[in-house]
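As structure tokens, one chain now follows by itself in the form predicted alone.
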């Protein structure tokens, strides 16, 4: 059974494995002070056109969100998120466990707007009886496959600055957002318009790892203490640095994300050709077609994917995800199966 259930079912791109083996016996400093990590940080600063950015490598996305948000917020402060946001829907209350409330907004596309944030600020305005909204959490791409435009990010950034709010972008699938067909954002734009963001490696070719980027280094003044205190500072930090150094050599990171998107769009086009609608318009490597349950169940005999949301008694939205390593022959076989079952 071939899996379209997630984009981390495979291990890592061979170039990363080769580099880890090649450097295996080279002695290095620990805790991220090795030459590979230092070079990776400098390469990322060049990519985002921000020489002053403070960069840290950690192992996973939930860990990243917990570390960043808990480091920026004081005990009485809260984060604002779309209801579909990972920090609210899929992290077992990790943010709340640090003492910070997550205030959610119901959205149809998984994205936040200045109006959404303004409504929350008005609702939570009775000082000091309610928590103080201080951080706006967004994802690009979102948890339901949508992407932000440059204008949307710019307007949200301007609004957050006017209200003294932090803007934090979850980039677990940032590569897929930036290589989407209709994307008009760059890494440099994101560095300019957010206070903090991260570049996800786990879901785009790395064994594991995320790169946290504080675009304003003053916000990370004591972040190294947070890493150590919360168990996120790896003695063998080289393992993360080497991976990001390789991912951003000759833009491998974007090549891998583009492949994942292309495989997903191939399936999306086949779905559209069979007149199946989508829960959200397909843009990235996550697509959400709405299928008759009979079709869904038949496909599940051969392929692994999530039933995402029940639409009605006859139909469900499913989530199909492709990865940097998705085999195009398997995609073609899936499409053949879809055509056969539909006919």
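Numbering follows the first chain given and starts at 1. Since the structure is predicted, the reported quantities are computational estimates derived from the model, not experimental observations.
Below, we turn to the form predicted together with a further copy of the same chain, even though it does not appear here.
Scanning 239, 167, 153, 144 against a further copy of the same chain in the model of the complex with a 4.5 Å heavy atom cut-off leaves one residue, 239.
The contact residue chosen from 280, 70, 297, 274 relative to a further copy of the same chain in the model of the complex is 70, the criterion being a non-hydrogen atom within 4.5 angstroms. Partner proximity in the model of the complex, defined as non-hydrogen atoms within 4.5 angstroms of a further copy of the same chain, places exactly one of 283-291, 310-318, 42-50, 56-64 at the interface: 56-64.
Contact annotation: residue 207 falls within 4.5 Å of a further copy of the same chain in the model of the complex, judged by heavy atom distances.
Residue contact check for residue 251: none of its heavy atoms lie within 4.5 Å of a further copy of the same chain in the model of the complex. Mapping the unseen interface onto this chain, residue 187 falls outside it, with no heavy atom inside 4.5 Å of a further copy of the same chain in the model of the complex. Contact check for residue 266: every heavy atom lies farther than 4.5 Å from a further copy of the same chain in the model of the complex.
With contact defined as any non-hydrogen atom lying within 4.5 angstroms of a further copy of the same chain in the model of the complex, the contacting residues in 88-113 are 88, 89, 90, 91, 92, 93, 94, 96, 97, 99, 100, 101, given in sequence order.
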